[in-house]
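Let's start with one chain on its own, the form predicted alone, as structure tokens.
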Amino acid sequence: MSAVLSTLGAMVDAAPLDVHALRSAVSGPVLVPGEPSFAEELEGFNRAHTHTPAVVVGATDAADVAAAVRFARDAGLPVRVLATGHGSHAAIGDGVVITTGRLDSVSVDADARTATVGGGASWASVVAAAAPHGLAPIAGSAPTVGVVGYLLGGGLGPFARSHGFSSDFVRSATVVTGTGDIVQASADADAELLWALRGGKGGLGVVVSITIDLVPMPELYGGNILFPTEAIAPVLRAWAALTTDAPPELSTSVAIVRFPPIEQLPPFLRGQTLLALRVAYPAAASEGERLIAPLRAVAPALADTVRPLRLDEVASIHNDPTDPGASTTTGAMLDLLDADAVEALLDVAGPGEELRLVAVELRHLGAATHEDVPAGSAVGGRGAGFTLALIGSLMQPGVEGEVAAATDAVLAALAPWISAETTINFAGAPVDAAWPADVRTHLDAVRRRVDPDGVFPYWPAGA
């Protein structure tokens, strides 16, 4: 049936669409190419791709989403979703795009320790709503990342080792299926769909709201330390050594960052290659300080913001960019990071190398990431010890080839340590490597059940 939809979609896209009935059925905007606000409606955080679908629907509620899905199904068009636009991995050039940015409500139940989040909300709003209650979501590192798209792919944030994959905290969801039905997924209502939503990513419907567990976090010691160029190699070696016996409460990561020579940056950052160390320790500051003291002792820091944090300051740990831009990210997972792996990375991405990448990042996993939830989940990559993320800027025209070559060079250098299995949130990760074979088979069965006509093409997705 998917092949039939693709053929029909190509035929429909070749002719103007009659969207009058759709406009009558939804409350939000319905736009086609050439109309005012069409391009603006499709603009997201990552500006690397320009989306040109046949029609875009700005959903205001679940009913809008259901109407858009039924319209697309009847017209033989594929449906894709755009939330904040962090996960736009490829240009969308056909079908119906549903934008969920207007579904941005956040409601916290402090007694139940849960948050119910609209399909277009970002982590910043959830963190802000939970913090006054002494509660925290197991959020992503970037405050502008969309909650739903992140959770559907698992999610490895600042508290990965202490609390696990963020999708482990999904309690229930409201989903519009490929038939346009609005259904619930929870332990009591369609537990199989809930299993799939915890890491299964795409092809499972449009999540219009999701309820997650929050955790009490009386103390949080965290932040980042920026080391100068000459300290990159010794600090990276010391960090790798620290990860061999780090306690499960301590989550750390490092990134070799090549700052562009632009006036918007402070002089000490312009054109420099530096190492950023990130620390998240949701426990006593005194113990956290003791644990990272060996890293602080390696070399004087250019900046050090690691300190006791309020819960609403969690984004300062990674200090990810909050302004939109054109970029590409490719990821992999590593089984381990031994001394040979560190040297291999320094040989290709160290401070003396010319590399067209903004950041080469490693995050330490293990502890809670290795433990699945009691009911099980579809998330991939639980056995890995580290993540590797390669981030390239595409703000300068014509650099795509150089960024791709740099990415390939780093992946080749670390090939002996790359895990066979990855996690699907990593752009560029092979879909077949994102789950074990039995999980892929189970996911495919769930997709066929909730989307019998293949309305939701699995990849690429923009949520």
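Since the model is a prediction, treat every value here as computed from it, not as a measurement. Numbering starts at 1 and follows the sequence shown.
Although it is not shown, the form predicted in complex with a small molecule is what the next lines describe.
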### Query
How about T84: is it within 4.5 Å of the small molecule in the predicted bound form, going by heavy atoms?
yes
#### Entry: Contact flag, S251 vs the small molecule in the predicted bound form, heavy atom cut 4.5 Å
no
### Query
Taking heavy atoms and a 4.5 Å cut-off, does Y150 contact the small molecule in the predicted bound form?
yes
### Message
Even though the partner isn't displayed, in the predicted bound form is R363 close enough to the small molecule, meaning a heavy atom within 4.5 Å?
### Response
yes
## Note on the structure
the small molecule in the predicted bound form has a heavy atom of only one listed residue within 4.5 Å, and of T330, S141, S377, N224 that residue is S141
### Message
Give me the residue from I317, I256, V145, A136 that has a heavy atom within 4.5 Å of the small molecule in the predicted bound form.
### Response
V145
### Query
Pick from 85-93, 347-355, 177-185, 228-236: which stretch has a heavy atom within 4.5 Å of the small molecule in the predicted bound form?
85-93
